[in-house]
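Coming up is one lone chain in structure tokens, specifically the form predicted alone.
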């Protein structure tokens, strides 16, 4: 499993770095294969910082992140990224607009699959695209502006699947997509979960977390205030902050005037 144990991130701030700010304070939870864990909290709560530490884009100040009991700092980044990949909020920012979108596959090939024959590589790409419900003819050899946000997000997930990853960090991956595309991406994650992929689903949206995850982590000002099975967290929250979050979710049967 992928496990965080006492993970803390402290930033130095101020003109000369004389002050500190604790963005994440002794966070600990685990993600098992074939499981979606939602990391929920408001903006500035430390969610994305945790995601970046899991992806080794930021080093923890203290604590450990491990896979199957092995500290990830002992793993080479090449080996680590065969197991763990990330997809982020804005799909357009992940592409260079002057290159065709499927260049993201070529970059993976240069690092991990240099010796793979063209025919075998093409088959691998087609299989990855099929796994994310994309037709090769619809997305290959297209520039980013010719594709929708949902297509670009699924291309990035397909890129990760080329490496046969075990864990995916999905950081607000549907917040910039329209409603009809959101459900497609969520259902795609559910399919990947059935295939054994572990997913850290980072979101500020409680309804989405409830929809997709087996377990939920609620983060407030860098600290985990609630952690457990999603049903228990949503039906019987123990922390006041979690209850406040749940009470703030708009209800379909309630008009604004009635709620105010």
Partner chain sequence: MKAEALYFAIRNTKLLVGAGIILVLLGIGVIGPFFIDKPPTEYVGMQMQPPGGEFWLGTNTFGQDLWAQFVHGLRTTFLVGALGGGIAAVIGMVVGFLAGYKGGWIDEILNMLTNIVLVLPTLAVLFILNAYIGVRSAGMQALFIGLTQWPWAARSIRAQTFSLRGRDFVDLARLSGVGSGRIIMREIAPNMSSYLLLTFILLFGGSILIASSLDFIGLGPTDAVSLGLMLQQAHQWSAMHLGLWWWFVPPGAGITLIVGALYVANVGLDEVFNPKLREL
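Since the structure is predicted, the reported quantities are computational estimates derived from the model, not experimental observations. Residue numbers count along the first chain shown, from 1.
Not on display, but discussed next: the form predicted together with the partner chain.
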message: When the contact criterion is heavy atoms within 4.5 Å, does residue 116 count as touching the partner chain in the model of the complex?
response: no
- request: Please check if residue 123 has a heavy atom lying within 4.5 Å of any heavy atom of the partner chain in the model of the complex.
  value: no
In the model of the complex, residue 73 touching the partner chain (heavy atom, 4.5 Å): no
message: Does any part of residue 52 reach within 4.5 Å of the partner chain in the model of the complex? Heavy atoms only, please.
response: yes
- prompt: Each of 137, 141 and 161 near the partner chain in the model of the complex, meaning some heavy atom within 4.5 Å?
  reply: no
message: At 4.5 Å, heavy atom to heavy atom, what parts of 62-98 sit next to the partner chain in the model of the complex? List them in sequence order, or say none.
response: 78, 81, 85, 86, 88, 89, 90, 93, 94, 95, 96, 97, 98
